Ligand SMILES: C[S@@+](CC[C@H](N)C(=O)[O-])C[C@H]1O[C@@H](n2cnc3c(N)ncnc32)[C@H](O)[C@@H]1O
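In structure tokens, one chain follows: the form predicted on its own.
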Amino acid sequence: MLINSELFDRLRRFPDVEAPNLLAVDAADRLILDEADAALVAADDGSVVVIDDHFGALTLGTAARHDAFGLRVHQDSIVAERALAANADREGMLDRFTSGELSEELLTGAQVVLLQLPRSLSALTEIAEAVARYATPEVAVFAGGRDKHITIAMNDVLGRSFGEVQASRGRQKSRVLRARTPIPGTPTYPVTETLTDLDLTVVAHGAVFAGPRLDIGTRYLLDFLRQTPRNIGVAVDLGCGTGILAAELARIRPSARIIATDQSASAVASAAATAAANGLADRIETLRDDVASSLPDASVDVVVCNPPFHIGAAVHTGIAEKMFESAARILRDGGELWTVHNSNLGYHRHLQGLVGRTTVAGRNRKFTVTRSVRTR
């Protein structure tokens, strides 16, 4: 519809990374709205839920096309949440929706759920189980994504929580999975595992990177944590995931205040649960934030970081660069950034320019660990 086309042309990704190959609206957004059109027309006010809207296309598209109010929205990413808010503010539609956690409050009474399919099956499992448990028995779910990211296993995941699952016809390399007839069951997530070599209990929600496992980059960075200063006052685990680095720092630097921060709601909830499971809840503060933007300048002694090297499907260093810039801002003079990255990415020069003197602390066949000392 023309009203959505004009709206979509104005949407931006900000405060997420913006680049010519990174779009605020994709074909899956458009197809989800088209497939759900009849259900949205029939839905009662306040009965539509939008989950993991990337930058506002689903929420604002529904509001504009159907003059809808009372939309309930959950976005795991605080960056996506802020992008939706910024786009809604420019369009004068801040009063059309409220944002909340993936919870009973979000989903009770839901008749229609619009969902951008997450990449991981574990994230989809947690979402599908929550919808089936709390939404109305008549709920209709429209879960869309790009063909290259949709797998048969996603049908199977939805099929465990819904009696009817059908795939739409493809359009512009996108497809929508339609699910009805919820089958409420016992929730699978969060899951808990013990890393025996670390004697550490890890708790993970569905959308958190690597789940309850220890990814190999983080494992390598752990080997260097004892080289951090002994007199740390405040340390930040930037992009904390399940909080493994934060927990290990809290153990080896017992006098330090540790802040575990991530843009993902699932990650922050997982890190808090991991801290509690290991008796560290009073030592580790969790913070959902966009690259620690709410922390004061020059307020931190040490930052540890295992940054991502992609944005969605695109290999892109933009998020890592934002994280390095944030570390440079929040580190005190003489503070240290310890980061691990794929060796082929060649971050050394970037770190040297943004943070300060950067040295290689270690390198194996895949990863490099660097130490950057902040100079102001």
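The structure presented is a predicted model; accordingly, all values stated were derived computationally and were not measured. Residue positions are given as counts along the sequence shown, with the first one as 1.
Omitted from view is the form predicted together with the named molecule, to which the following refers.
S.K.: By the heavy atom within 4.5 Å rule, which residue out of V203, A140, V79, A123 makes contact with the named molecule in the predicted complex?
M.R.: After the contact test, the surviving option is V79.
S.K.: Between S174, Q116, S299, T218, only one gets a heavy atom within 4.5 angstroms of the named molecule in the predicted complex; which residue is that?
M.R.: Flagged contact: T218.
S.K.: Considering non-hydrogen atoms and a 4.5 Å limit, does the named molecule approach S264 in the predicted complex?
M.R.: Result yes; S264 sits at the interface with the named molecule in the predicted complex.
S.K.: So in the predicted complex, does S270 come within 4.5 Å of the named molecule, heavy atom to heavy atom?
M.R.: S270 lies outside the contact set for the named molecule.
S.K.: So, P308 and the named molecule: in the predicted complex, are they within 4.5 Å at any heavy atom pair?
M.R.: Yes, P308 sits close enough to the named molecule in the predicted complex that at least one of its heavy atoms falls within 4.5 Å.
S.K.: Is the gap between E285 and the named molecule in the predicted complex 4.5 Å or less for some heavy atom pair?
M.R.: Close contact is absent here: in the predicted complex, E285 is far from the named molecule, nothing within 4.5 Å, heavy atoms only.
S.K.: Among 235 to 243, 124 to 132, 100 to 108, 141 to 149, mark the stretch whose residues have heavy atoms within 4.5 Å of the named molecule in the predicted complex.
M.R.: Stretch with heavy atoms near the partner: 235 to 243.
S.K.: Are there residues in 276 to 291 with a heavy atom within 4.5 Å of the named molecule in the predicted complex, and which are they, in order?
M.R.: Contacts from 276 to 291: D289, D290, V291.
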